[in-house]
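Shown next are two forms of a single protein chain, provided one at a time as structure tokens under the names structure 1 and structure 2.
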Structure 1
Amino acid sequence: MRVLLALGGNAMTSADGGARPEDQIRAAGIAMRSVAELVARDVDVVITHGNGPQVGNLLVKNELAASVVPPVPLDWCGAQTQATLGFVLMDCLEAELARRGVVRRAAAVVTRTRVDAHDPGFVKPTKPIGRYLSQDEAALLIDHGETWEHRGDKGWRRVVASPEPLEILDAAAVAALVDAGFIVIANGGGGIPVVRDEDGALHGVEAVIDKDLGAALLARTVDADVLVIATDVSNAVLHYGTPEAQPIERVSVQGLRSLAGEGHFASGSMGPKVDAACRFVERGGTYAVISNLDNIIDAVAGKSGTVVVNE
């Protein structure tokens, strides 16, 4: 059985959201224990990961050092997190595997994902990223061409395009390594967003791809049977945050689509996870699971979390 495991970017920070290198290493160690348990049970795992807190830090560095060194665009920030989280996850996973006497190697692939230069997100960006600033601070960055929005009491926040992922450009490299027996870490942060020019050349664009939608696409490309979206709650929930809250367990893709249509899932958090799970099953995946990492063994078996099936 082959599983595509999507880890939240928050799963690689400390409980209080700290994203110091030591926080990320410690959290990665905990996540990789779960993965090593799976691998020890002969599950073939491909890993992808979010990078929100990490990219947030890089944007602050860009901003505060801009008078001395040139800032790098958002696609470069995403790329940077693929390598830092990639090597930290490899280190942690290999240690956990060795502890269990499992002889498997990890590999981390720099992964680009193609998006459409005419994606509506580039005209009307909607994805909030990075830290909150005051109106005056935001105004300076708006003058530099960025889009910032007033987000209530917390202040102003940058919004960027979150375009639809169309093609994992480095999927063939990922597949070659999976076939050669590696546990591959790929498409971090949903992939480095690139567009194809009219003359066929690729180049990066300032955007953030949803990592779960990227995971759904990668999962099909590497022939995963199961997509597991690991998050900080045990299930998708109906009437979330109300007295009628009710965790969703086994559900058909049609049923889950209906619930999504009724507005049960927040657009910035559970919404894209539900969408990604549905897409994976609609495109031929056996089932998709939304679960926390603590229950990963049962989740992969379809016995825990929100299990989305095609019935």
Structure 2
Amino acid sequence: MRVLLALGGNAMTSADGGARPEDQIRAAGIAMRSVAELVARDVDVVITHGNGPQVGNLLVKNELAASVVPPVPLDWCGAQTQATLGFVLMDCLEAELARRGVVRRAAAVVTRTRVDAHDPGFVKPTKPIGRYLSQDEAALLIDHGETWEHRGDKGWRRVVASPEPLEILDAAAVAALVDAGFIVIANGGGGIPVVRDEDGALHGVEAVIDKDLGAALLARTVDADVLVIATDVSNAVLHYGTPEAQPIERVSVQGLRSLAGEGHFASGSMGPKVDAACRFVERGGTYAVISNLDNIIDAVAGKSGTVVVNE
């Protein structure tokens, strides 16, 4: 069995959201225990991850230093966090494998994802990122070419495009490493968004790719049998946050799509996870699971979480 495991960016922070280097290393170590156990059981694992808290840290540094040095573009932030988190996850995973006497190596691939330069998101960016600033603070960053919107009493917030991921450009490198026996960490944060010019040249763009949709694309690219989306809840839930809340267990793609159409899943949180799980199964995956890190072993076996099947 080959599993694509998608770790939420918050899986690399402490329980209270702390993102100090020591917090991230400790949290990554906890996440990699489950991965090492899967590998010890002869499950072929490919890992991807979110990077929201980590990119958020870089954005704060951009803002604080904007009067001294130009802000680092968002695609560079994605590349930096892919490399940093990949390095941390590799170290933690190899340590956990060594404790189990398992001889396997990990590799991290800084990965680009192609998007359409004419994606509607670039016309009017709507994805909010980073923290709220005052008008004067935002004005300095607007002068550097960023798009900021006034959001009422909270102040100003940056908005960027969130285009549809079309192609993982470094898929061949990922596949070669997987075939060579490496446990590969790739496409972090949905991939570094790039567009192809008319002359064939590629360049990064200021955008955020949804990490869950990127995970579904990577899962198909590496011929994964199962997609597991690890988040901070054990299941997708109907009537979330109400007394009628009900966890969803085994469900068909058609049933889950219907529930999504009824508005059960928030667009900024569970909605993309539901969409990604459905896309993976609709395009040939055996099943997809939405679960939490504590239940990853059972989730991979289809015995825990929200299990999405094509029936």
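Along the sequence of structure 1, residues get numbers from 1 upward. Take the two forms, superpose them, and find the largest set of C-alpha atoms that agree within 1.5 Å; that set is the rigid core. This is a predicted model, so every value here is computed, not measured.
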query	finding
Selected structure - the one that is the form predicted on its own	2
Threshold 2 Å Cα movement between structure 1 and structure 2 for Glu137, core superposed	yes
